[in-house]
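Next comes just one chain, in structure tokens: the form predicted on its own.
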């Protein structure tokens, strides 16, 4: 056995009150190695004791440190209450799909923390990826697992024309708004008058730059100025949905309350809020496991892209993640630099300077928030890992990546440490911090009132 390890084990044993004799040091050291999980978990005698440096880290992860939500200059109605109410209705409206059965809420269910509980989301068809929560995404510069959208409003537009999600096209949606008196009134109060769209030659009822051949041909037949009319209305629908989604923020969790009690040195409250295992798991989270390398800040995500050796879904084509997503967002007509953004182009620094090449972004995927992580299984971009236990085992083992290069290195967590880490992750659950009415379908509310 390495003498340094023996020496460290002897020191640990001395701290724990073990008495070694000259003759049995080697024997007892071997016993400690065999029971390594017990030793490691006892090194920190008081799981609720935190150094000043650790308290600083905990504070940085608390919602109390979340800065005020910056304005979304790309969306001039982002903070307009009329727009958020309009967007609330659009978000839950299943008419906004080719089969009349799929809404935004189909894949982003409020009761599941705005996910859907599926490994791969189900819309008009089956998508290749799992739905990400939209809670707190107003702070994120990139949307989707590959970051192929750079604003909430442009993200909202993508699924509408995706053949596996909502499955229709922009003319289809614009006609719904124009022909619904309530929707038309709300739209026009925000964006101005909708022109006459009744000429089906100029404005076909189904048309858009989509994979459906008929709808695509109808779009190609339209005059450029008529396409522009449709595009502006379509974009404004996305901006209204984004105004609703911008309201969705995580509420205080047990973890946030624990940090507050630790900062105020309220030992009794700390013990009431966290079990010893949860406190030890938090210690592992900010220390040995290095989770905060990526899951940092109050939303527990750095909003960046990482290859962590996640095994691909075997029944899907190769997924290269960010290396493809970055080109998609660069070419997107609805990005920050596009004509439909309300942002000053000089302020589009994230898009202008984002990395577009390199080994690091091959098969790299966006770091998801860990808030409510215990309630949003399964995990990873195509739901490849069913539960938190297996997620932690994956990161502990640090397997090589099938594509690209994994950033992971083995961390050698013990069984007890992994169990404690999982216990801690359950303390991150919280309600959504928004008025209750926004967590319900407005259409159900109308039915109940009748």
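Residue numbers count along the first chain shown, from 1. Since this is a predicted model, take the numbers as computed values, not measurements.
Quick note: we don't show the form predicted in complex with a small molecule, though the next part is all about it.
- Proximity to the small molecule in the predicted bound form holds for all of 159, 293 and 368, with the criterion being a heavy atom within 4.5 Å.
- In summary, among the residues 325, 250, 204, 123, the only one with a non-hydrogen atom within 4.5 Å of the small molecule in the predicted bound form is 123.
- Interface residue among 246, 148, 280, 170, judged by heavy atoms within 4.5 Å of the small molecule in the predicted bound form: 148.
- Here the chain stands by itself, but in the predicted bound form one stretch of 336 to 344, 264 to 272, 372 to 380, 205 to 213, 372 to 380, has heavy atoms within 4.5 Å of the small molecule.
- Contact check for residue 191: no non-hydrogen atom falls within 4.5 Å of the small molecule in the predicted bound form.
- In the predicted bound form, residue 255 stays away from the small molecule, with no heavy atom inside 4.5 Å.
- Using a 4.5 angstroms limit between non-hydrogen atoms, residue 187 is distant from the small molecule in the predicted bound form.
- Of the heavy atoms in residue 177, none are within 4.5 Å of the small molecule in the predicted bound form.
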